[in-house]
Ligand SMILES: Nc1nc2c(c(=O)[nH]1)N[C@H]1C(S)=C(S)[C@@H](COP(=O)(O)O)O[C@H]1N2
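Just one chain follows, in the form predicted alone, and it is written as structure tokens.
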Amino acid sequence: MVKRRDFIRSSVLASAASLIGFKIAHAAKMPYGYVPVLSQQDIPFSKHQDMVVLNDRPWNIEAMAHLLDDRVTPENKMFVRNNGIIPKNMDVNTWELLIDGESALAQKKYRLDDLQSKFKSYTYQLTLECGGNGRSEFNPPAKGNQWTVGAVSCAEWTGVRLKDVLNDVGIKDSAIYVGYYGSDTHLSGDSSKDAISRGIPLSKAMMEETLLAYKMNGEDIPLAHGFPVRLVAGGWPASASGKWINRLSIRNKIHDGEKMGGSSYRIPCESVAPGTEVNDGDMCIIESMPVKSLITYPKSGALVRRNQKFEVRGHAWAGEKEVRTVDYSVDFGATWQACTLEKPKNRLAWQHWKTTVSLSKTGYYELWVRATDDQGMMQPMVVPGWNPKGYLNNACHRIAIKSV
């Protein structure tokens, strides 16, 4: 009986660890029959086993750098960033999008087949990055999920241009902003509260690449990423790309929805000393993301042979801009060498870079990468200006290499 019980316990722990995606610390001390919290819930997404769970209420999950080596990010390696509870039972047959607002000439509703039949579809690879990506490096620590480098993706999105739908509704001259509302619910369960309701200026809404997307990588958008329709505004913090949207409001003022005020997705308009309290009136909304790059191969901690060439590669992006150059250093930034950089697949897609490196001595090395955009803005080698929520860290990415 004891052996059978031990076998069942081992099987349960193995199943739980597989579901969660990583080993269970202190598994031997877990009470018999206990089911881990993370496996008590329906995980509404596909997740590579090496993805890192930062929070499960709401779900916030990031990739490790080496997982992002794909040119187009697959679902199971795509970061998940939520502010509320993922909606259940989203029915594409009953879904509707209401467009209204002070600056709309009319109120209109669209079903998914309306969007697909009435408007031309477009497909773009679009970079989405959490505004707090890299937050864990700020000191003093900033509030929020302690993202490292993996809250970024570049999937292929298919949908209709937001501007075509807005023009179909009609826009008054007073319009300056478009706010979104979604079907996700507040963590408190209070249906009168929005988990998040942000927006974008009309100028961003009217860009060619700003989509009402219904496909991701050629398939229906996974539930965790906004099924059946989400807004995709590439190059801006991913919070601007509302998921599960059911309403868009054409505003005659900056949208005032949840997470538009205070320190949410805003930074001090002027630089401040670390730890400074900043008044709301001195905060500015984050728009285009800064230039940044990522090493996706080799994995940090790799062993290489002295004087043997090996490939290094990754991606670079620059919000609304294009990356002009990518350079690498193996001597802690004392000297830099150019990488080969590809043009983006389309505007607002990340760009792929690669190079070949050979290390002349044995020992520990750090490989640093630095991108420069087409306006001459370069990544800093250290963490940039501190801000209360730890946004916009675009310091150079570094990996460890040992030459033997």
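Note that the coordinates shown come from a computational prediction; the quantities given were computed from them, not determined experimentally. Numbers follow the displayed sequence, beginning with 1.
The same protein also exists as the form predicted together with this ligand; that form is not shown, yet it is the one meant from here on.
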What stretch, of 282 to 290, 306 to 314, 269 to 277, 177 to 185, brings heavy atoms to within 4.5 Å of this ligand in the predicted complex? 177 to 185
With the cut-off set at 4.5 Å between non-hydrogen atoms, does residue 230 touch this ligand in the predicted complex? yes
Examine residue 136 and determine whether its closest non-hydrogen atom to this ligand in the predicted complex is within 4.5 angstroms. no
Using heavy atoms and a 4.5 Å limit, would one call residue 82 a contact residue for this ligand in the predicted complex? yes
Give a yes/no on whether residue 330 approaches this ligand to within 4.5 Å in the predicted complex, heavy atoms considered. no
Considering 171, 160, 99, 196, which brings a non-hydrogen atom within 4.5 Å of this ligand in the predicted complex? 196
Report the residue, out of 296, 249, 241, 125, that has at least one non-hydrogen atom within 4.5 angstroms of this ligand in the predicted complex. 241
May I ask you to list the residues of 203 to 225 that have any heavy atom within 4.5 angstroms of this ligand in the predicted complex, in sequence order? 224, 225
